[in-house]
Every structure is written in C-alpha cells, then in structure tokens.
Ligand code: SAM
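Take a look at this single chain, the form predicted on its own, given in structure tokens.
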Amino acid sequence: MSTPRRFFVENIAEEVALTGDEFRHAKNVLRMREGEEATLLDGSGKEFSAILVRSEKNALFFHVVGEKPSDREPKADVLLLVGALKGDKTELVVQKAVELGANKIGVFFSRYSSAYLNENKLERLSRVSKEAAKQCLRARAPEVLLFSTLEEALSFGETYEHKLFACEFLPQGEGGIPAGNSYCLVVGSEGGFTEEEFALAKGKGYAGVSLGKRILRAETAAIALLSVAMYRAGELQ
C-alpha cells in the first residue's frame, strides 16, 4: 500500500481547504479524487489523516479523521549556516539538510561569496525545504533564513551548545565534533573563509574544525559536516 500524499497547510480544523501551490500540485499533477486519503501537516510536529471530500475550482477540501505525533522529527536541534553558493548548489544543500534532520538552515554572504540571492530565491529555497520534508516524511519543513553578513549569521547561532566553524586552512585533524544535541554548523561558500572571518567566529565562541586532508566542494563540506554532527547526536544510528 502506498504512503498517502502529504501536504502542508496553514491551519488544521475539522475541514481543511488546500489552496495555492499545494492545491495545484494535488489537482493537476497528482490528480487526486474524492475519497482518497492524504496526510496534512501544519508544522506542529503532528500528522493529520484526512479524506478528500470535495473539489472546487481553487481548492480541495479534506475532512480530518485522525492525528498522531510524528516519529520522524529529530530530537537534536541543529542549525546549518552555509555561505551562498552558485547555481542550484544552495538548493541541493537545503534539500539534503532537511533530509538529514536540520531544524533551521541559514544562508549568508561572506568575503568570498560570489553568488546572488534575493527574496525570490529565498522563497524558492523555502519550497525546496517543504518538498524535501514531504519526501523524507518529516512533519516540519525547516525554516530557511537569509543573512546579509557572516557576522549576522554567527550572532544568530550563538546560543547553540556546540558551535563549529569549518576551515580548510586548519591543520588536518584539528578540532572535532563532540556528542550532543545542540549544534550550529558553519560552512563557507566556494571561496572559503579568511583568517579574519575565522577570528570573528572564535570571538563569538565558535571552534574551528577540519574536514580532513582533501579540499571539499562547498556543498559537499556542508553535507558531510551535518552528517557527522547528526551521527554524533544519535540521529543516524
């Protein structure tokens, strides 16, 4: 039996109207019909079982028949901060970060950033987060934030217990990823970081961490660091 289709909605009530992009996807792509079951998600961490009961021109109406807490959401609280990447690489990082269990994703601009992001691109990244959350059966779509400077991004992550700053110029093996359940992980854009930016991070309580003897692409570094942190948090065991 196939898994019911999953849709994000604003509010849950006894009857829920599916509108906007989710409506168009359900009606025009999935061609859902009355009587079919779906899982509705409101970002609370719960899953709501629902039946399609009515179709109108601009909305599909579902009757909610049950609810349960999701068992797919991570217990660890992880923020991934990544420098803006060229092309669709930022979308790839967002997608994989959602699958691996990040709770928030921040994109920032630093000294060597050469990618261009605006509010339209941020909206696109938010849609990528939602689609990835549905694909991997999460009940929440992690928020994607845009920071105009590295300092702003670092300040946002100051309250996390373990704050790790990935640097390609650190000696091999320096730093490490401790066990825990609260992480802020920072990875640069294609050009990496400057010594001054690393000093700024250390001043805010971040510890440098090496990702080994090979130079990784920025998107690979972000996914690798997050994967190891999620393993250390017990989320991939």
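We number the residues from 1 along the sequence you see. Predicted model, so just to flag it, every value in this text is computed and none were measured.
Missing here is the form predicted together with S-adenosylmethionine (SAM); even so, the following discussion is about that form.
Using a 4.5 angstroms heavy atom cutoff to S-adenosylmethionine (SAM) in the model of the complex, none of 12, 45 and 64 count as contacting. Of the stretches 23-31, 64-72, 206-214, 45-53, only 206-214 has residues with a heavy atom within 4.5 Å of S-adenosylmethionine (SAM) in the model of the complex.
Contact between residue 153 and S-adenosylmethionine (SAM) in the model of the complex is not found at the 4.5 Å heavy atom cutoff. With a 4.5 Å cutoff on heavy atoms, residue 228 does not count as touching S-adenosylmethionine (SAM) in the model of the complex; it lies far away. Among residues of the shown chain, residue 190 is one whose heavy atoms approach S-adenosylmethionine (SAM) to within 4.5 Å in the model of the complex. At least one heavy atom of residue 218 is located within 4.5 Å of S-adenosylmethionine (SAM) in the model of the complex. Among 98, 84, 139, 167, the residue placing a heavy atom within 4.5 Å of S-adenosylmethionine (SAM) in the model of the complex is 167.
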